[in-house]
Ligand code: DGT
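As a starting point, one isolated chain is supplied in structure tokens, in the form predicted on its own.
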Amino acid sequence: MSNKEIAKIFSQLANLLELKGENHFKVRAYRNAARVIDALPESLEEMVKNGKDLTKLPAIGEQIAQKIEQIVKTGKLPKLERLKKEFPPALLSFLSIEGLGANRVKTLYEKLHVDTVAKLQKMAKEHKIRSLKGFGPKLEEKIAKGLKLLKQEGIRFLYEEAEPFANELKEYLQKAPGVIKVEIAGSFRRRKETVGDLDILASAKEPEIVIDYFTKFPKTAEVISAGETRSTIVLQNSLQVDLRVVKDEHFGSALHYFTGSKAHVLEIRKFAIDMNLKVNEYGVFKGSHNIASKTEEDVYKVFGLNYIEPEIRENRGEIEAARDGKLPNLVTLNDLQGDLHIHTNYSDGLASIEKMVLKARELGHKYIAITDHSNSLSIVKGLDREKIVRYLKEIDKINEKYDDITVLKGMELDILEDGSLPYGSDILIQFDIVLGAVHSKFKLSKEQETERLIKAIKSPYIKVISHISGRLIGKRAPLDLDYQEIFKVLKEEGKFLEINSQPSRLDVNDILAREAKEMGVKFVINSDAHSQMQLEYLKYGINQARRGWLEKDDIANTKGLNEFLQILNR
């Protein structure tokens, strides 16, 4: 069981205990444990197996350590399972709506008897929520918008949430008797931000043996179906998994078909019709003769197309580009040389500057920027100059200590409501790189929000605009912005647009990334890490960049340090 799965169990436990009105110290203890577990660089499962003392970990006392051992050994926590039976399942989903914490969900449940999404929608529509103490019209409006997002997303999982299960299932199926090949297909293979289910393709001579093996996957909660070549299971976390087993000679055409997207596959079918061919999951047919099916490359070659990477199979011009030899050479994780958005315990990160640097060195970075939040370097009535001095001196000491990595002095600076910055030139001139970001006042009009960002972009001190839309996937809708006007100014000012790799942000999205590229905007891909392990989140930003057709030269932090600094200060 992964650390993330264990952390999720403790997070759910904290939420349900808060709903029940338990002691807030106990609730906080479980929340802190979840936060620490999620950020741990070591596997808790391995620590338990090796008999290590878990109480030596931060925020892990004896009782929580015992619960971790129970989870690792059984896959469940009885205390959580009992609590789940005390509340309607919908209440946990309400917690994903911006503005609804456990106390407010509890109030909705007790005062308005809201126990389903439909009932919460009804109460919002009838304006009955605003009359509750601590709510009001603005929160009611926010809840209504959050419900809309919840409805649009349905039961979906962030890519990062589905990834460990996909990897585990692939590894498990590769050990099935007689299996030849196994690949994850569908939207997961196309690296979409969220997935509704997992589609797995396997090849074997005796499919029924593989199907039987699949249904016995240890984390299966329910077997929905188990036919001769197809099976569907639901995992313990409610993720549905569909398996299709084909003959090995059909694997390539089946992988292309089940990877999708539907629009891409339909467009390929049109090519086939124009050439008097037929294409399906079994191959490309000329009459009754199968002329291509073993590999995806074979399928594309029949139509005179170069191989198209899964991330861009969305029927957005990739087929024409493949025909004309104009496909992008998509950026890879190995192309990145630095990470320019990292938080430490100077603000809301979990690790010291040096620990972040050590992890960055381990990942092979040549440079990073420590960019703690501007408001964390302040005091209530103004600037904490002493704290800034300590912050900058510590970075100097790190640079003196390590000669294989350079640490840039950075800051993530709040963009105020009118587009101005909270600090003046006397402070900002001390930093190598300043990222501008909107963290509050999300209720402005489209014109006001656009002007706010444009004003910040034109500041000589802002070099990067971070998580531009402000969205949180499934929780907070993106800002209403005139993106074309903003991209135009970014290009004119020579500023960078960030692709934020946090799995719940992945901001900008793939469509906007491609649009910005076509307007000449340059990018940086950053982790926005708040712990050592989150430095590895860069791979999710790479996924997003690839879906947006970005190449190595589109991204500034693929350059070496000297070239990057020249571009930065141009």
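Note that the structure is a prediction, hence the values are computed from the model and not measured. We number the residues from 1 along the sequence you see.
There is another form of this protein, the form predicted in complex with the named molecule, and it is not shown here; the text below is about that form.
Stretch 264-272 is the answer when you ask which of 96-104, 245-253, 264-272, 354-362 has residues with heavy atoms within 4.5 Å of the named molecule in the model of the complex.
Proximity of residue 344 to the named molecule in the model of the complex: non-hydrogen atoms within 4.5 Å are absent; the residue sits far from the partner. Looking at residue 196, you'd find a heavy atom of it within 4.5 angstroms of the named molecule in the model of the complex.
Residue contact with the named molecule in the model of the complex: residue 260 places a heavy atom within 4.5 Å of it. Contact check for residue 463: no non-hydrogen atom falls within 4.5 Å of the named molecule in the model of the complex.
Note on contacts: among 452, 476, 142, 190, the single residue with a heavy atom within 4.5 Å of the named molecule in the model of the complex is 190. Only one of the listed residues (186, 310, 338, 283) places a non-hydrogen atom within 4.5 angstroms of the named molecule in the model of the complex, and that residue is 186.
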